[in-house]
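So this first bit is one chain, no partners, the form predicted on its own, shown in C-alpha coordinates.
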(Lines give C-alpha, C1' and ligand atoms only; values in the text may rest on other atoms or scores of the structure.)
Protein backbone atom coordinates (compact mmCIF):
# COMPACT_ATOMS: atom_id res chain seq x y z
CA UNK A 1 0.00 0.00 0.00
CA UNK A 2 1.19 3.52 -0.69
CA UNK A 3 1.82 5.96 2.11
CA UNK A 4 -0.96 8.27 0.79
CA UNK A 5 -4.28 7.51 2.56
CA UNK A 6 -7.59 8.37 0.92
CA UNK A 7 -10.55 8.42 3.37
CA UNK A 8 -13.18 5.89 2.37
CA UNK A 9 -16.05 7.45 4.26
CA UNK A 10 -18.49 5.27 6.15
CA UNK A 11 -21.60 3.20 5.35
CA UNK A 12 -23.67 6.23 6.35
CA UNK A 13 -21.60 8.94 4.60
CA UNK A 14 -19.60 7.08 1.92
CA UNK A 15 -18.24 10.06 -0.03
CA UNK A 16 -14.48 10.53 0.02
CA UNK A 17 -12.83 13.95 0.02
CA UNK A 18 -12.24 13.54 -3.72
CA UNK A 19 -15.92 12.73 -4.31
CA UNK A 20 -16.99 15.79 -2.37
CA UNK A 21 -14.58 18.09 -4.19
CA UNK A 22 -15.84 16.86 -7.56
CA UNK A 23 -19.48 17.43 -6.62
CA UNK A 24 -18.80 20.92 -5.25
CA UNK A 25 -16.93 21.79 -8.46
CA UNK A 26 -19.85 20.51 -10.54
CA UNK A 27 -22.31 22.87 -8.83
CA UNK A 28 -19.89 25.80 -8.76
CA UNK A 29 -19.18 26.29 -5.06
CA UNK A 30 -16.10 25.77 -2.92
CA UNK A 31 -17.60 24.51 0.35
CA UNK A 32 -20.71 22.69 1.55
CA UNK A 33 -21.57 25.72 3.71
CA UNK A 34 -22.28 27.75 0.57
CA UNK A 35 -25.18 25.40 -0.23
CA UNK A 36 -27.12 26.52 2.86
CA UNK A 37 -28.52 29.91 3.84
CA UNK A 38 -28.45 29.71 7.65
CA UNK A 39 -29.03 32.96 9.60
CA UNK A 40 -26.20 33.95 11.90
CA UNK A 41 -28.57 33.93 14.86
CA UNK A 42 -28.99 30.17 14.65
CA UNK A 43 -25.75 29.15 12.92
CA UNK A 44 -23.61 26.79 15.00
CA UNK A 45 -20.38 28.54 15.91
CA UNK A 46 -18.59 25.47 17.18
CA UNK A 47 -19.52 25.91 20.83
CA UNK A 48 -22.57 24.40 22.54
CA UNK A 49 -22.35 26.68 25.56
CA UNK A 50 -22.89 23.75 27.92
CA UNK A 51 -20.57 23.48 30.87
CA UNK A 52 -18.77 20.11 30.92
CA UNK A 53 -19.75 17.91 33.83
CA UNK A 54 -19.11 14.36 34.89
CA UNK A 55 -21.64 11.62 34.26
CA UNK A 56 -22.22 11.39 38.01
CA UNK A 57 -23.06 15.10 38.26
CA UNK A 58 -25.42 14.97 35.28
CA UNK A 59 -27.26 11.93 36.65
CA UNK A 60 -27.71 13.71 39.97
CA UNK A 61 -29.09 16.82 38.26
CA UNK A 62 -31.52 14.83 36.14
CA UNK A 63 -32.71 12.93 39.22
CA UNK A 64 -33.36 16.21 41.03
CA UNK A 65 -35.35 17.49 38.05
CA UNK A 66 -37.46 14.34 37.84
CA UNK A 67 -38.24 14.55 41.55
CA UNK A 68 -40.04 17.85 40.88
CA UNK A 69 -42.81 15.97 39.06
CA UNK A 70 -46.02 15.43 41.00
CA UNK A 71 -46.34 11.83 42.13
CA UNK A 72 -50.07 11.38 41.61
CA UNK A 73 -52.31 8.35 41.22
CA UNK A 74 -54.08 9.22 37.99
CA UNK A 75 -57.75 8.31 37.77
CA UNK A 76 -58.07 10.37 34.60
CA UNK A 77 -59.13 7.74 32.05
CA UNK A 78 -60.87 9.15 28.95
CA UNK A 79 -58.44 7.33 26.67
CA UNK A 80 -55.51 7.13 29.11
CA UNK A 81 -55.44 3.82 30.94
CA UNK A 82 -52.90 1.89 32.96
CA UNK A 83 -53.55 -1.81 32.48
CA UNK A 84 -50.74 -3.82 34.00
CA UNK A 85 -48.25 -4.68 31.27
CA UNK A 86 -46.44 -8.01 31.84
CA UNK A 87 -42.65 -7.78 32.06
CA UNK A 88 -42.49 -10.17 29.10
CA UNK A 89 -43.58 -7.28 26.85
CA UNK A 90 -40.58 -5.18 27.83
CA UNK A 91 -38.12 -8.07 27.66
CA UNK A 92 -39.10 -8.99 24.10
CA UNK A 93 -39.91 -5.59 22.58
CA UNK A 94 -36.70 -4.01 23.91
CA UNK A 95 -34.54 -6.46 21.98
CA UNK A 96 -32.36 -4.45 19.60
CA UNK A 97 -33.79 -6.26 16.55
CA UNK A 98 -37.15 -4.64 17.31
CA UNK A 99 -36.22 -1.44 19.08
CA UNK A 100 -33.81 -0.17 16.42
CA UNK A 101 -35.74 -1.52 13.45
CA UNK A 102 -36.78 0.86 10.69
CA UNK A 103 -39.84 0.39 8.50
CA UNK A 104 -39.99 -3.18 7.24
CA UNK A 105 -39.36 -2.30 3.60
CA UNK A 106 -37.00 -5.25 3.10
CA UNK A 107 -39.07 -8.33 3.88
CA UNK A 108 -36.11 -10.65 3.36
CA UNK A 109 -34.52 -9.33 6.58
CA UNK A 110 -37.62 -8.42 8.65
CA UNK A 111 -39.80 -11.54 8.60
CA UNK A 112 -40.02 -11.69 12.41
CA UNK A 113 -41.26 -8.13 12.81
CA UNK A 114 -43.65 -8.46 9.86
CA UNK A 115 -45.11 -11.64 11.32
CA UNK A 116 -45.70 -9.87 14.65
CA UNK A 117 -47.51 -7.04 12.85
CA UNK A 118 -49.56 -9.58 10.89
CA UNK A 119 -50.56 -11.20 14.18
CA UNK A 120 -51.58 -7.77 15.51
CA UNK A 121 -53.78 -7.24 12.44
CA UNK A 122 -55.23 -10.72 12.84
CA UNK A 123 -56.10 -9.96 16.47
CA UNK A 124 -58.10 -6.90 15.43
CA UNK A 125 -59.84 -8.78 12.63
CA UNK A 126 -60.93 -11.43 15.11
CA UNK A 127 -62.10 -8.90 17.71
CA UNK A 128 -63.98 -6.66 15.26
CA UNK A 129 -65.36 -9.32 12.91
CA UNK A 130 -64.32 -7.15 9.96
CA UNK A 131 -62.21 -8.40 7.09
CA UNK A 132 -59.11 -6.23 7.23
CA UNK A 133 -57.12 -4.18 9.75
CA UNK A 134 -54.03 -2.10 9.10
CA UNK A 135 -50.92 -2.34 11.24
CA UNK A 136 -51.80 0.77 13.27
CA UNK A 137 -52.31 4.53 13.15
CA UNK A 138 -50.90 7.32 15.30
CA UNK A 139 -53.83 7.35 17.72
CA UNK A 140 -57.62 7.13 17.96
CA UNK A 141 -58.15 10.71 16.76
CA UNK A 142 -56.19 10.29 13.53
CA UNK A 143 -57.90 6.94 12.92
CA UNK A 144 -61.27 8.72 13.19
CA UNK A 145 -60.09 11.35 10.73
CA UNK A 146 -59.01 8.66 8.27
CA UNK A 147 -62.40 6.93 8.66
CA UNK A 148 -64.20 10.14 7.68
CA UNK A 149 -62.10 10.65 4.56
CA UNK A 150 -62.53 6.96 3.66
CA UNK A 151 -66.29 7.41 3.93
CA UNK A 152 -66.07 10.45 1.70
CA UNK A 153 -64.16 8.51 -0.96
CA UNK A 154 -66.67 5.67 -0.89
CA UNK A 155 -69.74 7.89 -1.08
CA UNK A 156 -71.30 7.37 -4.50
CA UNK A 157 -73.60 10.39 -4.32
CA UNK A 158 -73.42 13.86 -2.83
CA UNK A 159 -73.06 14.30 0.92
CA UNK A 160 -70.85 16.22 3.28
CA UNK A 161 -72.05 15.60 6.86
CA UNK A 162 -70.06 13.62 9.43
CA UNK A 163 -72.07 13.08 12.62
CA UNK A 164 -70.31 12.47 15.94
CA UNK A 165 -71.57 12.29 19.55
CA UNK A 166 -71.54 15.53 21.50
CA UNK A 167 -69.46 13.82 24.19
CA UNK A 168 -66.00 13.00 22.82
CA UNK A 169 -62.51 12.68 24.30
CA UNK A 170 -60.57 15.92 24.47
CA UNK A 171 -59.11 16.89 21.13
CA UNK A 172 -60.76 14.15 19.10
CA UNK A 173 -63.27 16.39 17.36
CA UNK A 174 -60.59 19.03 16.72
CA UNK A 175 -58.32 16.48 15.03
CA UNK A 176 -61.27 15.27 12.96
CA UNK A 177 -62.02 18.85 11.91
CA UNK A 178 -58.38 19.29 10.85
CA UNK A 179 -58.54 16.10 8.81
CA UNK A 180 -61.62 17.15 6.85
CA UNK A 181 -60.43 20.75 6.49
CA UNK A 182 -59.24 20.11 2.93
CA UNK A 183 -62.51 18.49 1.87
CA UNK A 184 -66.14 19.55 1.67
CA UNK A 185 -66.98 17.53 4.77
CA UNK A 186 -68.47 19.23 7.83
CA UNK A 187 -68.50 17.78 11.35
CA UNK A 188 -71.72 18.00 13.35
CA UNK A 189 -72.60 16.73 16.82
CA UNK A 190 -75.72 14.80 17.80
CA UNK A 191 -77.10 14.66 21.38
CA UNK A 192 -76.52 12.02 24.04
CA UNK A 193 -79.12 10.72 26.51
CA UNK A 194 -77.92 9.49 29.90
CA UNK A 195 -74.48 8.61 28.55
CA UNK A 196 -75.76 6.82 25.41
CA UNK A 197 -76.77 7.89 21.93
CA UNK A 198 -80.05 9.80 21.80
CA UNK A 199 -81.43 7.58 19.07
CA UNK A 200 -84.47 9.72 18.33
CA UNK A 201 -82.38 12.87 18.00
CA UNK A 202 -79.87 11.07 15.78
CA UNK A 203 -82.67 9.80 13.55
CA UNK A 204 -84.02 13.32 13.21
CA UNK A 205 -80.56 14.67 12.39
CA UNK A 206 -79.84 12.15 9.64
CA UNK A 207 -80.61 12.78 5.98
CA UNK A 208 -79.19 11.79 2.61
CA UNK A 209 -76.37 14.32 3.07
CA UNK A 210 -74.83 12.22 5.84
CA UNK A 211 -71.57 10.49 4.87
CA UNK A 212 -70.65 8.85 8.18
CA UNK A 213 -72.11 8.31 11.65
CA UNK A 214 -69.68 7.79 14.50
CA UNK A 215 -70.53 6.20 17.86
CA UNK A 216 -68.44 4.73 20.67
CA UNK A 217 -68.60 1.61 22.82
CA UNK A 218 -67.69 2.22 25.56
CA UNK A 219 -68.35 5.94 25.38
CA UNK A 220 -65.92 8.57 26.60
CA UNK A 221 -67.75 8.48 29.94
CA UNK A 222 -67.27 4.74 30.24
CA UNK A 223 -70.87 3.79 29.43
CA UNK A 224 -71.66 0.66 27.45
CA UNK A 225 -73.63 1.80 24.39
CA UNK A 226 -76.94 -0.05 24.25
CA UNK A 227 -78.26 1.04 20.83
CA UNK A 228 -75.50 0.07 18.42
CA UNK A 229 -77.68 -1.95 16.06
CA UNK A 230 -80.17 0.89 15.84
CA UNK A 231 -77.40 3.41 15.17
CA UNK A 232 -76.02 1.16 12.43
CA UNK A 233 -79.45 0.76 10.85
CA UNK A 234 -80.04 4.51 10.92
CA UNK A 235 -76.71 5.14 9.22
CA UNK A 236 -77.26 2.55 6.51
CA UNK A 237 -80.84 3.67 5.89
CA UNK A 238 -79.36 7.01 4.90
CA UNK A 239 -76.54 5.49 2.81
CA UNK A 240 -73.92 6.54 5.37
CA UNK A 241 -71.07 4.50 6.79
CA UNK A 242 -71.26 3.45 10.43
CA UNK A 243 -67.97 3.98 12.24
CA UNK A 244 -67.57 2.55 15.75
CA UNK A 245 -64.96 3.63 18.28
CA UNK A 246 -63.68 1.05 20.78
CA UNK A 247 -60.47 -0.64 21.99
CA UNK A 248 -59.06 -4.19 21.91
CA UNK A 249 -59.71 -4.94 25.58
CA UNK A 250 -63.33 -3.79 25.54
CA UNK A 251 -63.93 -5.66 22.27
CA UNK A 252 -63.05 -8.92 24.01
CA UNK A 253 -66.30 -8.59 25.97
CA UNK A 254 -68.67 -6.18 24.24
CA UNK A 255 -70.74 -6.68 21.09
CA UNK A 256 -68.71 -7.56 18.02
CA UNK A 257 -68.73 -4.49 15.74
CA UNK A 258 -69.49 -6.45 12.57
CA UNK A 259 -72.58 -7.95 14.24
CA UNK A 260 -74.08 -4.51 14.78
CA UNK A 261 -73.38 -3.28 11.27
CA UNK A 262 -70.12 -1.38 11.77
CA UNK A 263 -68.33 -0.60 8.51
CA UNK A 264 -65.21 0.82 10.16
CA UNK A 265 -63.78 0.40 13.67
CA UNK A 266 -61.30 2.89 15.11
CA UNK A 267 -59.97 3.54 18.57
CA UNK A 268 -57.02 3.41 20.94
CA UNK A 269 -55.13 0.12 20.71
CA UNK A 270 -52.41 1.08 23.20
CA UNK A 271 -54.54 -0.22 26.07
CA UNK A 272 -52.48 -3.30 25.26
CA UNK A 273 -48.72 -3.10 25.57
CA UNK A 274 -48.34 0.41 26.98
CA UNK A 275 -48.96 2.08 30.31
CA UNK A 276 -50.21 5.67 30.29
CA UNK A 277 -47.64 7.31 28.02
CA UNK A 278 -48.51 11.01 27.88
CA UNK A 279 -48.79 11.51 24.16
CA UNK A 280 -47.47 8.29 22.66
CA UNK A 281 -50.18 5.84 21.77
CA UNK A 282 -51.54 3.82 18.89
CA UNK A 283 -54.72 3.93 16.87
CA UNK A 284 -56.54 0.91 15.49
CA UNK A 285 -58.24 0.86 12.10
CA UNK A 286 -60.32 -2.04 10.76
CA UNK A 287 -62.89 -2.14 7.99
CA UNK A 288 -64.74 -4.39 5.56
CA UNK A 289 -62.62 -6.34 3.10
CA UNK A 290 -64.31 -4.70 0.11
CA UNK A 291 -62.78 -1.40 1.24
CA UNK A 292 -59.24 -2.80 1.45
CA UNK A 293 -57.89 -0.54 -1.31
CA UNK A 294 -59.17 2.49 0.57
CA UNK A 295 -57.43 1.62 3.85
CA UNK A 296 -54.90 4.27 4.96
CA UNK A 297 -51.45 3.53 6.31
CA UNK A 298 -49.73 0.17 6.06
CA UNK A 299 -50.92 -3.39 5.65
CA UNK A 300 -48.88 -6.53 6.19
CA UNK A 301 -49.88 -9.35 3.89
CA UNK A 302 -49.07 -13.07 3.92
CA UNK A 303 -47.79 -14.96 0.91
CA UNK A 304 -45.39 -17.81 0.06
CA UNK A 305 -41.86 -17.71 -1.30
CA UNK A 306 -40.51 -19.79 -4.17
CA UNK A 307 -39.97 -22.74 -1.84
CA UNK A 308 -43.56 -22.69 -0.61
CA UNK A 309 -42.80 -21.24 2.83
CA UNK A 310 -45.21 -18.76 4.39
CA UNK A 311 -43.82 -15.22 4.19
CA UNK A 312 -44.90 -11.68 5.06
CA UNK A 313 -44.51 -8.33 3.32
CA UNK A 314 -45.95 -4.82 3.26
CA UNK A 315 -48.68 -4.68 0.65
CA UNK A 316 -51.25 -2.31 -0.88
CA UNK A 317 -49.31 0.76 0.20
CA UNK A 318 -51.63 3.54 -0.89
CA UNK A 319 -49.99 6.58 0.66
CA UNK A 320 -48.71 9.35 -1.56
CA UNK A 321 -45.08 8.48 -0.79
CA UNK A 322 -45.55 5.26 -2.76
CA UNK A 323 -48.03 6.06 -5.53
CA UNK A 324 -49.24 9.06 -7.52
CA UNK A 325 -50.65 11.72 -5.22
CA UNK A 326 -54.03 11.85 -6.92
CA UNK A 327 -54.47 8.10 -6.33
CA UNK A 328 -53.29 8.07 -2.70
CA UNK A 329 -55.83 7.38 0.02
CA UNK A 330 -53.88 9.21 2.71
CA UNK A 331 -50.70 11.13 3.35
CA UNK A 332 -50.12 9.42 6.70
CA UNK A 333 -46.43 8.63 6.56
CA UNK A 334 -45.82 6.11 9.29
CA UNK A 335 -47.41 3.78 11.78
CA UNK A 336 -46.76 2.74 15.35
CA UNK A 337 -45.04 -0.53 14.48
CA UNK A 338 -43.14 -0.94 17.75
CA UNK A 339 -46.24 -0.17 19.81
CA UNK A 340 -48.23 -2.63 17.68
CA UNK A 341 -45.53 -5.20 18.39
CA UNK A 342 -45.96 -4.61 22.13
CA UNK A 343 -49.73 -4.93 21.81
CA UNK A 344 -49.35 -8.22 19.93
CA UNK A 345 -46.98 -9.58 22.57
CA UNK A 346 -49.31 -8.50 25.38
CA UNK A 347 -52.34 -10.06 23.70
CA UNK A 348 -50.49 -13.28 22.95
CA UNK A 349 -49.32 -13.55 26.55
CA UNK A 350 -52.90 -13.15 27.78
CA UNK A 351 -54.52 -15.47 25.26
CA UNK A 352 -58.23 -15.25 24.36
CA UNK A 353 -59.43 -16.17 27.85
CA UNK A 354 -56.98 -13.81 29.55
CA UNK A 355 -58.03 -10.92 27.33
CA UNK A 356 -61.70 -11.58 28.12
CA UNK A 357 -60.83 -11.77 31.84
CA UNK A 358 -59.08 -8.39 31.60
CA UNK A 359 -62.17 -6.87 30.00
CA UNK A 360 -64.41 -8.40 32.65
CA UNK A 361 -62.22 -6.91 35.38
CA UNK A 362 -62.60 -3.50 33.73
CA UNK A 363 -66.37 -3.81 34.19
CA UNK A 364 -66.36 -5.23 37.71
CA UNK A 365 -63.69 -2.79 38.94
CA UNK A 366 -65.77 0.16 37.75
CA UNK A 367 -68.90 -1.22 39.42
CA UNK A 368 -67.13 -1.94 42.70
CA UNK A 369 -65.51 1.51 42.84
CA UNK A 370 -68.83 3.18 42.03
CA UNK A 371 -70.49 1.23 44.84
CA UNK A 372 -67.81 2.37 47.27
CA UNK A 373 -67.82 5.97 46.08
CA UNK A 374 -71.58 6.35 46.36
CA UNK A 375 -71.29 5.44 50.07
CA UNK A 376 -69.34 8.66 50.58
CA UNK A 377 -71.47 11.49 51.94
CA UNK A 378 -71.83 14.16 49.26
CA UNK A 379 -71.06 11.88 46.29
CA UNK A 380 -73.36 9.90 43.95
CA UNK A 381 -72.05 7.37 41.44
CA UNK A 382 -72.48 6.53 38.71
CA UNK A 383 -74.34 9.52 37.25
CA UNK A 384 -75.44 7.49 34.23
CA UNK A 385 -77.68 4.48 34.87
CA UNK A 386 -75.67 2.21 32.57
CA UNK A 387 -73.13 -0.56 32.65
CA UNK A 388 -69.60 0.87 32.63
CA UNK A 389 -66.15 -0.17 31.45
CA UNK A 390 -63.18 1.09 33.50
CA UNK A 391 -64.62 4.50 34.34
CA UNK A 392 -67.73 6.43 35.30
CA UNK A 393 -68.96 9.91 36.17
CA UNK A 394 -69.73 10.82 39.79
CA UNK A 395 -71.71 13.78 41.08
CA UNK A 396 -70.36 15.82 43.99
CA UNK A 397 -72.37 18.13 46.25
CA UNK A 398 -69.28 20.29 46.65
CA UNK A 399 -67.98 22.15 43.57
CA UNK A 400 -66.14 19.64 41.42
CA UNK A 401 -63.08 21.86 40.76
CA UNK A 402 -62.57 22.23 44.52
CA UNK A 403 -62.95 18.48 45.09
CA UNK A 404 -60.43 17.76 42.33
CA UNK A 405 -57.95 20.28 43.74
CA UNK A 406 -58.25 18.81 47.24
CA UNK A 407 -57.85 15.29 45.84
CA UNK A 408 -54.68 16.42 44.10
CA UNK A 409 -53.33 17.53 47.48
CA UNK A 410 -54.12 13.99 48.68
CA UNK A 411 -52.19 12.49 45.76
CA UNK A 412 -54.95 11.79 43.20
CA UNK A 413 -55.73 13.28 39.78
CA UNK A 414 -59.31 13.19 38.44
CA UNK A 415 -61.15 14.80 35.53
CA UNK A 416 -63.54 17.67 36.16
CA UNK A 417 -66.48 17.49 33.74
CA UNK A 418 -68.74 20.20 35.10
CA UNK A 419 -69.61 22.24 38.12
CA UNK A 420 -70.54 19.13 40.12
CA UNK A 421 -69.21 16.20 38.09
CA UNK A 422 -65.91 14.33 38.15
CA UNK A 423 -64.85 11.27 36.19
CA UNK A 424 -63.06 8.38 37.87
CA UNK A 425 -61.06 5.60 36.21
CA UNK A 426 -61.13 2.49 38.41
CA UNK A 427 -58.42 0.93 36.26
CA UNK A 428 -55.86 3.25 37.88
CA UNK A 429 -56.25 1.72 41.35
CA UNK A 430 -54.42 -1.47 42.15
CA UNK A 431 -55.85 -4.01 44.54
CA UNK A 432 -55.66 -2.59 48.04
CA UNK A 433 -55.61 1.07 46.89
CA UNK A 434 -59.37 1.53 46.69
CA UNK A 435 -59.78 2.01 50.44
CA UNK A 436 -57.16 4.76 50.51
CA UNK A 437 -58.80 6.62 47.61
CA UNK A 438 -62.30 6.34 49.13
CA UNK A 439 -60.96 7.66 52.41
CA UNK A 440 -59.37 10.62 50.64
CA UNK A 441 -62.58 11.33 48.71
CA UNK A 442 -64.62 11.20 51.94
CA UNK A 443 -62.22 13.69 53.47
CA UNK A 444 -62.54 16.28 50.69
CA UNK A 445 -66.16 15.77 49.57
CA UNK A 446 -67.82 16.73 52.86
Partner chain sequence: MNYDQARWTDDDERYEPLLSEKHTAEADLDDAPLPDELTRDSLELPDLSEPELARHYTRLSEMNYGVDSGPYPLGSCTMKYNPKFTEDVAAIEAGAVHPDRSPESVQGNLELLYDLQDYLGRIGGMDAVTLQPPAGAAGEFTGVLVAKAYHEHNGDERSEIIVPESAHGTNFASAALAGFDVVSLPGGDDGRVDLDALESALSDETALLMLTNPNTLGLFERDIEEISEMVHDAGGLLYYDGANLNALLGRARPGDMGFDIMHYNVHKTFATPHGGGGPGAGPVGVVGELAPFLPKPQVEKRDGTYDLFDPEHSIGKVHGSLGNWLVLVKAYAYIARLGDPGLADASAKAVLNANYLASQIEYEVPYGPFHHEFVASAGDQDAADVAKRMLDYGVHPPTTKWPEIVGEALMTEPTEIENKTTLDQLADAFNAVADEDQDALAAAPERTAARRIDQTGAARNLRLSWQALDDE
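Since the structure is predicted, the reported quantities are computational estimates derived from the model, not experimental observations. C-alpha atoms forming the largest set that superposes within 1.5 Å between two forms make up the rigid core. Numbering follows the first chain given and starts at 1.
What comes next is about the form predicted together with the partner chain, which does not appear here.
*Asks:* Given that the partner chain is not shown alongside this chain, does residue 395 nevertheless sit within 4.5 Å of it in the predicted bound form, heavy atom to heavy atom?
*Replies:* Contact with the partner chain, no.
*Asks:* Consider residue 315 of the chain shown here, and say whether it contacts the partner chain in the predicted bound form, taking contact as heavy atoms within 4.5 Å.
*Replies:* Contact check for residue 315: yes, within 4.5 Å of the partner chain in the predicted bound form.
*Asks:* Even though the partner isn't displayed, in the predicted bound form is residue 108 close enough to the partner chain, meaning a heavy atom within 4.5 Å?
*Replies:* The answer is yes: residue 108 has a heavy atom within 4.5 Å of the partner chain.
*Asks:* Does the partner chain come within 4.5 Å of any heavy atom of residue 160 in the predicted bound form?
*Replies:* No, residue 160 stays farther than 4.5 Å from the partner chain in the predicted bound form.
*Asks:* Just one of 201, 154, 280, 186 has a heavy atom within 4.5 Å of the partner chain in the predicted bound form. Which one?
*Replies:* Answer to the contact question: 280.
*Asks:* Check each of 374, 360, 167, 230 and return the one that places a heavy atom within 4.5 angstroms of the partner chain in the predicted bound form.
*Replies:* For this set of options, the contacting one is 360.
*Asks:* Hey, of 127-135, 261-269, 208-216, 237-245, which bit sits against the partner chain in the predicted bound form at 4.5 Å between non-hydrogen atoms?
*Replies:* Partner-contacting stretch among the options: 127-135.
*Asks:* At 4.5 angstroms, heavy atoms only, are 418, 424 and 427 all close to the partner chain in the predicted bound form?
*Replies:* No.
*Asks:* Any residue of 282-309 with a heavy atom within 4.5 Å of the partner chain in the predicted bound form counts; write them all down in order.
*Replies:* Heavy-atom contacts within 4.5 Å come from 292, 293, 299, 300, 301, 302, 303, 304, 305, 306, 307, 308, 309.
*Asks:* Quick one: once the rigid core is lined up, does residue 23 have its C-alpha move by 2 Å or more between the shown form and the other one?
*Replies:* Yes, shifts by 2 Å or more.
*Asks:* Comparing between the shown form and the other one on the rigid core, is the C-alpha shift at residue 34 2 Å or larger?
*Replies:* Indeed, residue 34 is displaced by 2 Å or more.
*Asks:* Is there a C-alpha shift of 2 Å or more at residue 45 between the shown form and the other one once the rigid core is superposed?
*Replies:* Moves: yes, 2 Å or greater.
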